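First come two forms of one protein chain, each written alone as structure tokens, so that there is a structure 1 and a structure 2.
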Structure 1
Amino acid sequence: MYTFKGGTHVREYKNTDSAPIERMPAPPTVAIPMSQHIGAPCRPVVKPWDHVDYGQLIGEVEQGLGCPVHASVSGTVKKIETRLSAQGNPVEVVILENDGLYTKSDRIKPFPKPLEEATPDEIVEVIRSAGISGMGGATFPTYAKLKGAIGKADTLIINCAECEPFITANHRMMLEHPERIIDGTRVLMQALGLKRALIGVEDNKPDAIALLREKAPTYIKICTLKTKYPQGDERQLMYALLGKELPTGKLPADIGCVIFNAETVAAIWHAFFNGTPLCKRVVTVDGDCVGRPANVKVPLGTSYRDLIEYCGGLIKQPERIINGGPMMGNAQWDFNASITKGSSSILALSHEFCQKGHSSLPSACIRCGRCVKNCPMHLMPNMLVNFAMRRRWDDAAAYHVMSCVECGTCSYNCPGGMQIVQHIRVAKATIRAAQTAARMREAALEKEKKGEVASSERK
């Protein structure tokens, strides 16, 4: 089995691994954010009282990096308003009133040529116009990742590790629709001009491994990964499968690799062979507060409240609602927030569950070194948290705090109860803000110098 150095074994809580994917009926209204990706937010191209069809473009990026947004139901634009995202940033939201008809946009058409005749540029455009972003949680625009790897990457890796506790959406996708992952991989291979690809699956999914090996052609190799967190991080995946380490500040394409999530690949299959943009995704709904944990294919823009109600509602009061896995997901403050392209799971966890294994004593570093031993990035989290708590940002930067992937392995293994990764996030945000301010100052000085030169030349 393939593995990497460091990491940790976490309790899995894969309660829904035998729960088939269900299709949730669209709720009466959906609220679709115009920013569901890394990059510039979209500008709405519809207005209140417009009628929209399923799959119709409702948000477009005017310039820069980004992904278009499409209607996940047919109906009427009720209103467009600004709401706060989970990170506290204002974002425009298009609220659609569902007519229940699911009238498809006339632009939903499969690619008109056989896959073998498609050019790289055509495939990139199909993916861009379908609004596909990384569905493992990173939400980086898929077309941009693919475009940047063409001519540079010699190895395509499909990430089916799904190492976070609770989440089983990709596992069910592999069992129920393996052909979508395999044929989506073929689309990417055609764009990249590659003759082989690797699909990495953790060994806690033997049924998925066996099925993929049965269905996949010989040029797509199914690799068994040792179950260990965070095996799904692209850096650990590249090291496990290829023995390659990613230098700081570099992208996987710079060392000949490109990696896509399993559900992202399935969305590419939909876009190429059916012409369907990204309007729905599979979400694992779980936690000890959920009445009926399930894997649900849900229209984007559905509220957490509607989704959890579909899954039996809450059977006790949750202390935390988490978008994503418990290790790297984000705690949510608004129960009416929307499912987006990056929502792999929604977890409702009680106070008893959240406090399980926690000491009532104040947190303190006991110098045990577990965080250093388990860090998959080979950093020294004990030093980083020390610098962060003392606001020694330059020292934190010197110890490579920006290389931290915020996987949470250090906090999970800390017997002193230190919230290490939270302090590291503060340090990284502070350093980024200082770097942005420095760039703005340099740009202003450069502009001022040019103005002075132009003025002297006129004189």
Structure 2
Amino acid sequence: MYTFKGGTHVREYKNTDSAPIERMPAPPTVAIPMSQHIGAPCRPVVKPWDHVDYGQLIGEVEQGLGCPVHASVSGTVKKIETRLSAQGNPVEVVILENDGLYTKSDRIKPFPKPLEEATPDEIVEVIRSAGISGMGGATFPTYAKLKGAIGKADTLIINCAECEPFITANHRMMLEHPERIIDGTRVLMQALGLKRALIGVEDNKPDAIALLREKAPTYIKICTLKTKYPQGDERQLMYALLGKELPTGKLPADIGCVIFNAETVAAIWHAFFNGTPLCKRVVTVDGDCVGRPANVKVPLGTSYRDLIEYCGGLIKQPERIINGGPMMGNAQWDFNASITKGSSSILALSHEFCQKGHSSLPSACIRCGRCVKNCPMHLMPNMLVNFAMRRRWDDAAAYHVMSCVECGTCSYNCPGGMQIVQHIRVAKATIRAAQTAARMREAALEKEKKGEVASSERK
């Protein structure tokens, strides 16, 4: 059994672990944001009234890091408008009217050669053009991660920990389509030139572990992880499986590792063996306000409202709608927002559920030390929150506030009800802004100096 130091066993709420993945019929309209990933937003390549087929490219990356976006239904482009993304940034959204015909784009065809003959560059291109980004929530473009790891990484890890409460999408995927995860892993191994891979699964999914062990070839090792949050964080995962600590400021590839989420791997399988771009994803819909909690395969761009309606609608007033898991997900303000590539779950939680007996007494740190004991990054959140509240940014930096991964373990355990993570976010943002300002000032000074030199030379 593999595990790491720190972390906490968060109550699991895996209500949907026996709910098979359902295919939701596509809604009459879908709204597809042009930015569903880290990196530059896409430029729409369709115009209103254009006809689009399922899987057709509708947003292309102009330059830099990014993922192309594809139509998740066939039909007509109704309009292109600017909305706010799940993170609160303005983003262009292509609204498609579903014609219900599901005419497939002719670009959907499997990779022409067998896997053994595919070159790393070809596989990277397949993944890039399929628009695959990390589907665990961080939404880093997968092709870029893979490209950066080729030649550097000697260990491939598939992250099936699924440590966030409520979410069972990966669990169901492993149970229903283990071959997709295994064959998707083989595609990645081919690209990376590796002979072995590790799949890490938390021990609260024994059925998935048994099934994967039965199906997997010997060169893919299934590792049982202790159920503990945040086991699915790549730092903790690498430490648990390999005993390697990721040094501050480094990427996993720097210590020879590359990690992909289970559903990302399934998307890679689809892209390679079927040629299907990333147009759908499995979403766990749950929370005490949802009528029929379920795992649903949803076309990207479906609104939260349509999805919740499909899952029995709301049975009471939710206080929060959360895109992602309850520990790290974002609270949303609009039921019309869209499911994107990073939406692993949609939760509708009531006020009572979120408060969990925490009264309206003012929050105060009683120095119980639970945040220190449970911090997976071995920080002292009690000190950080203190420094942040007193605007002592230098002290916060000296206590390594920038190493915080914002997993939420401290806030979850805090008996005083302190919003520790939020205070830390403020400290991080302030310090980052100060650093940027200092860099810009320095650059300006440098420029000025050079300019002076140049002008004096001219004289």
Partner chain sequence: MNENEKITPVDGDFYGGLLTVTPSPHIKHTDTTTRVMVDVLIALAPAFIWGIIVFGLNAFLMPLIAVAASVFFEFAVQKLLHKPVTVGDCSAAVTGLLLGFNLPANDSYFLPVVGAAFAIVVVKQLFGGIGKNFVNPALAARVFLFLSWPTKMAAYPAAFDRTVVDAVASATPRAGGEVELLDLFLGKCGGSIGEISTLLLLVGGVYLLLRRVITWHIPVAYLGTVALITFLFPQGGGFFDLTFMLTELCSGGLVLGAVFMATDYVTSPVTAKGRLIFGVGCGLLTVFFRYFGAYPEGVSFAILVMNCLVWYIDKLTRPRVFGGARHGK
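Owing to the predicted nature of the structure, the values given are computational and were not obtained by experimental measurement. Numbering for residues begins at 1 and runs along the sequence of structure 1. By rigid core we mean the largest C-alpha set that fits within 1.5 Å across both forms.
Here, the chain labelled structure 2 is taken from the form predicted together with the partner chain. Q435: CA moves 2 Å or more between structure 1 and structure 2 after rigid-core fitting. Once the rigid core is overlaid between structure 1 and structure 2, H9 does not reach a Cα shift of 2 Å, moving by less than that.
A movement of the C-alpha atom of K447 reaching 2 angstroms or beyond is seen between structure 1 and structure 2 when the two forms are aligned on their rigid core.
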